[in-house]
Ligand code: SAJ
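Take a look at this single chain in structure tokens; it is the form predicted alone.
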Amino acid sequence: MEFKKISVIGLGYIGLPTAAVIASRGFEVIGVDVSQKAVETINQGNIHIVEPDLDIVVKSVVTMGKLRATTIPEKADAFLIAVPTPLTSTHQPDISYIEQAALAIAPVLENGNLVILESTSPVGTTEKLAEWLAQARPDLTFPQQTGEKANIKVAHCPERVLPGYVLQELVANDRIIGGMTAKCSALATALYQTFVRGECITTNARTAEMSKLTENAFRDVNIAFANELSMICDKLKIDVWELIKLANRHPRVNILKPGPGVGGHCIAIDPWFIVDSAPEEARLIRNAREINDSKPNHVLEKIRTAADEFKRPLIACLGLAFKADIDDLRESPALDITQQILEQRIGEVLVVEPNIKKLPKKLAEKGAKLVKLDEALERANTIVALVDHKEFKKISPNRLNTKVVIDTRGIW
């Protein structure tokens, strides 16, 4: 099959770069998003998220007429679904956005179309997607009904990119492609091979779903080990950064760095999908999640102890994003810690976050002020490094001599 028109459903941190990269290969791409504002921004050749070089690519493909955004799905040869899969407050996966995407594209599906789910999903979600589509379009056949003879091919291909490096990794990284049948896998592979330089490895849909969850759960367990070590080292008066550096000199040891917790829409979320699917068996994975979720409380305790030294604690929180040099605040422990400082009235709060223009409402309403780095370093008596943005790494230790410093990232 020749792909001429490709539709990407969801134009966020994964969908928009994916749409832009595919469009840059000469395909006509229709991007679909529920946000009218995002659609208008993209159609002007601009972007609504922070990702290095993405603005240049989007401007180029929109100008060439290869990428167009809309709120209403249109007919296409292939549909890539890249919508969020958040957690509920009780750590259950919320796949309602995938269901909404399925119902949105169902009316425009045609015989021969390919539907790929890219959203990180609990095991079995691709089958649910195919079921929702089949219920909405009884005139078409799907892999769970007629196997290889199905009118519509359905596959899962999880994204596995690092924010800040999305454009490079979309092209360079290997892709795991899990079709509901061998033909589904083959057709999806043919599409990815048009823009992916990495290897495209085929498996079944359930294994593809689990592979993404496994990658992030593995990293979460490793980070939990580092975070637990850091809490032990605090108790035993040992420098955890030096300790990990020394331990990692062993040829078969690679301990990740501790931090104030774990954030983002991958490592902080995906392990819970495994726990939800196999609660009795996923004991280590659950324990690691709980350790990482508890780390912000440990940091808060250190901040409270530091603040007690001052009559008027003025705390500078450096960073709100979930990782360095991006603007993504989703599931961010830095944001959570800053909010708790305000709610517990530990002290007055100055926030330095070079990648955003205004504070989230919940911080602004409680009296936090977004300031430049120089002002924070000048005024604050307590400096809390929550994110290792490049701007913070350049701070001279001399400027911190008279401050109480809590460095959760090992910057200094």
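For every residue, the number given is its place in the sequence shown, counted from 1. Please read these numbers as outputs of a predicted model, since none were measured by experiment.
Just so you know, the form predicted in complex with the named molecule exists too; it's not on screen, but the next bit is about it.
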message = Within 4.5 Å, heavy atoms only: does Asp270 come near the named molecule in the predicted bound form?
response = yes
message = When the contact criterion is heavy atoms within 4.5 Å, does Arg160 count as touching the named molecule in the predicted bound form?
response = yes
inquiry  = With the partner left out here, check for me: in the predicted bound form, does some heavy atom of Phe322 sit within 4.5 Å of the named molecule?
reply    = yes
message = So in the predicted bound form, is the named molecule close enough to Glu215 to count as touching (4.5 Å, heavy atoms)?
response = yes
Full three-residue contact with the named molecule in the predicted bound form, heavy atom 4.5 Å, for Lys5, Lys183 and Leu187 = no
request  = Tell me the stretch among 68 to 76, 215 to 223, 85 to 93, 138 to 146 that has any heavy atom within 4.5 angstroms of the named molecule in the predicted bound form.
outcome  = 215 to 223
inquiry  = Considering non-hydrogen atoms and a 4.5 Å limit, which listed residue (Leu129, Cys266, Val115, Leu318) is close to the named molecule in the predicted bound form?
reply    = Cys266
task = Scan Leu329, Cys200, Leu256, Val108 and let me know which has any heavy atom within 4.5 Å of the named molecule in the predicted bound form.
result = Leu256
